[in-house]
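Consider the single chain below, provided in structure tokens and representing the form predicted on its own.
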Amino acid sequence: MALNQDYVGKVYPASPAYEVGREKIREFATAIGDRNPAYHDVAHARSLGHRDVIAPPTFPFVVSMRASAVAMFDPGLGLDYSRVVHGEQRFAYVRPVTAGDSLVVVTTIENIRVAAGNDILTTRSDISTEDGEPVVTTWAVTVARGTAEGTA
């Protein structure tokens, strides 16, 4: 079943707050094999001008993925998640994600297109603090294999 093109431009309400903890940052950095001391050591991060440890550049994927599930599983969109593969991810930073941040995410379906019989869904996640300070925007491209009109 093809994705519902009427959903392009749909904006979902802000997610519940995600509390960024030191240990979550450290665990993520360890999991990806990044020993940068700014991700592990508070004193080092502070020596660089940060208030606490900062997160690796791809950490916001954790926050945005949780929030974008609302869009992905919106029944009206018509996404068959069993046919999905992750296509692409990119980030545009205003400032680093820092331990102690309380982040909310507004997810927008930015584009739906067809390529080689696949539906290609692009979502944008605008991540900010609860106080409204922009932190990072992420874009995720999701490929729904073989679902474009006439291919399933």
Partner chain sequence: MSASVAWSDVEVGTELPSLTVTLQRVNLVMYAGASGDFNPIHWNERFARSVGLPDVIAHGMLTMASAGRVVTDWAGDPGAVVEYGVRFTRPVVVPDDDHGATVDVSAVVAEKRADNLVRVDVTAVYAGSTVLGKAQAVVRLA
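All values derive from a computational prediction rather than experimental measurement. Residue numbers count along the first chain shown, from 1.
The form predicted together with the partner chain exists for this protein as well; it is not shown, and the discussion that follows is about that form.
- Taking non-hydrogen atoms only, residue 87 approaches the partner chain to within 4.5 angstroms in the model of the complex.
- When the partner chain is considered in the model of the complex, residue 103 lies well away from it, no heavy atom lying within 4.5 Å.
- A residue is said to contact a partner when one of its heavy atoms sits within 4.5 Å of a partner heavy atom; residue 95 meets this definition for the partner chain in the model of the complex.
- Although the partner is absent from this view, residue 42 stays clear of the partner chain in the model of the complex, with no non-hydrogen atom inside 4.5 angstroms.
- When contacts are defined as a non-hydrogen atom within 4.5 Å, none of 72, 116 and 123 contacts the partner chain in the model of the complex.
- Taking the partner chain as positioned in the model of the complex, the residues of 16-36 that bring a heavy atom within 4.5 Å of it are, in sequence order, 24, 27, 28, 30, 31, 32, 33, 34, 36.
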